Structures are given as C-alpha cells and as structure tokens.
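Alright, two takes on the same chain below, each alone as structure tokens: structure 1 and structure 2.
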Structure 1
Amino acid sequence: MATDQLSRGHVAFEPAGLPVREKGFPPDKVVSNVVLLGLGAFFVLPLIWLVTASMDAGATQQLAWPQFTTGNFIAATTADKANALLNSFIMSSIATLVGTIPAVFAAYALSRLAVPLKNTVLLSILCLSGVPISILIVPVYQMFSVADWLSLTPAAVFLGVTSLPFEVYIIKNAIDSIPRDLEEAARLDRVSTIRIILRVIIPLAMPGIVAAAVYGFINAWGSFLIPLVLIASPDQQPSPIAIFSFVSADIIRYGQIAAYSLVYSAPVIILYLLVSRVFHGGFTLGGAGR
C-alpha cells in the first residue's frame, strides 16, 4: 500500500529506471527523437528507393510510387546473372572454409599456448587484419599470373586468407571463455588433443566460429576488386562484377539493377540475422557455464 502510494508520487523511486519521473516532454527527449527521425530519414530513403525501384516497371533513379511488376526480378536472374550469383556462392564458400578451418586450430593454439611475446603476436595478427587489401592486389596479381592461377579457386583462397587474421581473433576470444576444467578432465581420460578440439572446443566455441565464418563469407561475398583482377575468365566472375556491367551499360535499367542488387544482398542480410540469433544462444550458454 505504502509503496503504491509512493510510486504514484511525483518523485518516486523505482527499482529499475530513472529515479526522477519526468512529466510531459523534456527537451532532451524531444531533441533525441527529432535527431533520430532526421538521421533515420537519411538512412532509410536510399533503401526505400532500392525496394520500390526493384518492383517498378518504369523505374528511374527517382523515388516514385511503383507500377508493380515482377519483371525486374525475372530479368535480373537470367542465365548469366544467375551464373554470377553461383560463382559468388562458390567463391565465398571456398573462402569461408580456407579462412575458418585453419583459424580454429590456430586460435586454439594461441588461446592455450604459452608463447613468448604472445600479446605482440596477437597485436601483429590484428595489424594484418587491418592492412587495406587493395595494396596486395598488384603483388598477388603478379604472383598468380606467373603461376597461371588467374581463376576462381585461387582468388577464393586468397580472399579466405585476407579474412583469416580477424577470424583467428574472433575464435580465440570464443575459446578463451571456455573453462579449462572441461578439457583438463578430458585430458585425464587420455583423450587426444585433436579429439578434445573436435568434441569439446568446437561445440562450445560454435557461436564464435559461426560468427567468424559469417565474417569470412560476407567479406568474400562483398569483394569486388579482387575477383575483378584475379579472375581472368568472364564466366567465372561473381555478382559484384555483374552489377558493374549493369551500371556501365549504355542504357542503365534501374529496375533490373535494383532487383539484382536486392537478390545479391539477400544472403548477406539473412546470414547477419542468423548470426544475431546464434549470439543470443551463445550468451545464454556463457551464462550457464559460469
């Protein structure tokens, strides 16, 4: 009773929340909402164009109410464009495997190993992940052209390696949070290290590994310049180069570009949403372990 009355008073303390109850619209709240509304418009307007243009039979660069059609999506998934999507998928999958599998083992070693200058090693790995990839294009092009490797698979392997340092870092963080007792118990039972990794570490570090794999996949999926330079055959080029050919065509068909961009972006968006879910699971798992 007493607490009920208190909480209705103008200065009421709540266990969770602001101690001072504000009446009406305090100026900082109004400013926050207005700023957020303005910035939100800046962010959402280009995306609205993307969605409406993709469905608009007479799409231009202007934002307009669409004459609904599915023709853009059909035109955007003709054989050669679909082939580019397939190439993107193959390239990104190879890059993900090349990046993630070595990263798991290296991360486990770095997490559990006593290396002299461990922080220096980690910091240099981080620096590697920060190196702008564009600087590697000329030397790697020269190496690959001498070796006659200017095709999809070597380019995909190279893309995987470019995301490797950061993947090591993500997975190492995940492994660091796994209690050591678990693997020490397994070690007492004379379980080999490789089995410990497969049966204990990988399942428990799965959220981190998935996040790293998704990072590798998205990194390769979005890559434009590396496939452009390192893949000689036009048939093997991935989707971003198909978008480039749309954009640099004589007549720019905005509807088709928008539709193709949406189709091309969809896997990345879906993966991102999935990873957010996985991380939810990861956090509860971490909480239960403690």
Structure 2
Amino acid sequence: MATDQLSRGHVAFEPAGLPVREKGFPPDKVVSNVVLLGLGAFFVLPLIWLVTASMDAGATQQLAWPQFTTGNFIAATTADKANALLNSFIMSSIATLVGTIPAVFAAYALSRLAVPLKNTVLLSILCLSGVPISILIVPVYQMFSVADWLSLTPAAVFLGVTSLPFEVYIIKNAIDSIPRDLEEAARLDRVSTIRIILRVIIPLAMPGIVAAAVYGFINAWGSFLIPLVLIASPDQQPSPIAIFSFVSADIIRYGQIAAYSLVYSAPVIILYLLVSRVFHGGFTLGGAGR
C-alpha cells in the first residue's frame, strides 16, 4: 500500500531539519508588499511626471498625457543654461578633490596610527558630518565678503570642506578592512609611508575612496543654498540656481523645468554607471578575502 501511495505521489518526504514550505500568500507578506508598492508609487509618479512634462507643450503641475514637443529641451539647452551646467561641473569637481584627497590621508592616520583620543575624534567627525550647513552660512558669508571671495572657486572649496568629515569616515572603514600584513611586508622592503599609501592602501581601498568621492561630488552638485549666497556673479551660478530662471512673476514653465531637470540629472546617472563596476569589483574582492 505504501508503494502504491509513493507511485501515485500521495506521500512526500521532507528532508530532516528543513522547514516545510507553506502554500499560498501569508497575510504579513501581503501587507508588506502592499506597503512597499504604495511607497514605491510615491517615488515613481514624480519621475513619470518629470518625463512626460519635459515633452509636453502645455505642461502643468498635474500628470497628464503630453502634447509632444521638443521646445522644452531647446529652451533648457541654451548657452546660459549650458554655462550653468559647466559651472556645476567645475564646482563639484573642485569640491570632490578638496574633500577626497585630504580625507584619504586623514583616514589612514585614524586607521593605522596611534592617534590620541581616536574614538573621541571619530565621534566628533560623525557629529560634524550631521551639522546643517545653513546654520553656518551667515558667518561664512561675512568672512567671504570681507576677503572678497564671493566667487565660484572659494564656494567650491567650502563645499569640499563640508563633505570632508563624512568622507573621512567612509574611507577609514575601507582602510580598516585591509590586512596590516601587506603594509608590514612593504616596510620590510624599506618602503616609505607615502609610497605605502599610494601603492598599497589606495588601490585596495579604491571602492571606499570612490564612494566617498561620489558622495562629495553629489553633495556639491545638488547644493543650492551655498552657491546662492557665496557666489555673487550671475555668470558663475550653477544649475540649481539657473532652474529659477524658468519661474517668473506671472508664469511657471513646468515643461522647461522638467526638461532642464532631466538634463541636469544626466551627469549623475552617467557617473553612477561609470563607478558601478568599481563598486562591484571591490565588493566581490572583499567578500572573497573573508
């Protein structure tokens, strides 16, 4: 009889120690999926509006089927708007260099050297990374105004300094995962500390350094308040300020705002695509090392 049941498929054996798979949809998973779909809609719908409004000749703040036109993109790529994009790229590049290069050496010192009160310093770094920049903008403006620094480059340097604490924390965690044996082997060959940093630490910590650099770049790329206050010349204003040229007292050009927003977001998307392979390769190497 048992043989007949086995042949007919009525009896199934579960491996010992493995949970039995439940059939159907548990209520908790249904609720969680519905909540996640609702939250996802809040992010997807604005993006859909951004795309449709950029191609809509009569775009409004409501989501509707577009009246297709290329006029919005033509208005968003004029000479002054392209100059604003160039200013954003210059400002973000300077801020990235100012924030990332010192962060590498500071992170190495905090990771490898016997720094007095190291835990206190690290805690201070985390606290400083959470300080809102808006509370510092008035005294910084007064200092820059007295020194005649209300231009693009000093504002970019200030943005790089503001991202420095968090970049130090990111890179330090990357350096902590590098075995000290590699440095000790290099020191046996009488390699200097600076060459160890350049030849050993930086290549192995590159995913963390790239992550910190991307954070610094995006932090400067999306900054609005600092360039608005610390850059006096309209010709040096970056893209976040240029968006307001599409807003006047009697009309808001929603279609041109959407088109310029897509153009403005393109460099960040390209940057992500360029560095995604670095992240993947670094994470794979880190997992294999364990």
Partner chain sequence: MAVLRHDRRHFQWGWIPFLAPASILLLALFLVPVGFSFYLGLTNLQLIGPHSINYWFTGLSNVQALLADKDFLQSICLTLIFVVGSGAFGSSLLGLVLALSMQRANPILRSAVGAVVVLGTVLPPATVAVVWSAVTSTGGILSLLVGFRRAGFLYKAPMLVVSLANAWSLCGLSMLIFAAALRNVPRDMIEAAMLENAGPFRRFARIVFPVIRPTVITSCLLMTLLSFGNFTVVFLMTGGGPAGATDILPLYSYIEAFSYHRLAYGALLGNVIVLFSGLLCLAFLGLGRLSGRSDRMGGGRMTGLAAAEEIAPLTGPT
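What we label the rigid core is the largest C-alpha set whose atoms superpose within 1.5 Å from one form to the other. This structure is a prediction, so every number in the text was calculated from the model and none was measured. Numbers given to residues start at 1 and step along the sequence of structure 1.
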query	finding
Number assigned to the form predicted alone in this pair	2
CA of Pro203, rigid core aligned, shift of 2 Å or more between structures 1 and 2	no
Rigid-core frame, C-alpha of Gln236, shift of 2 angstroms or more between structures 1 and 2	no
Flag for Gly71, CA shift 2 Å or larger between structures 1 and 2 after aligning core	yes
Core superposition result - C-alpha of Ile269, shift between structures 1 and 2, Å	3.0
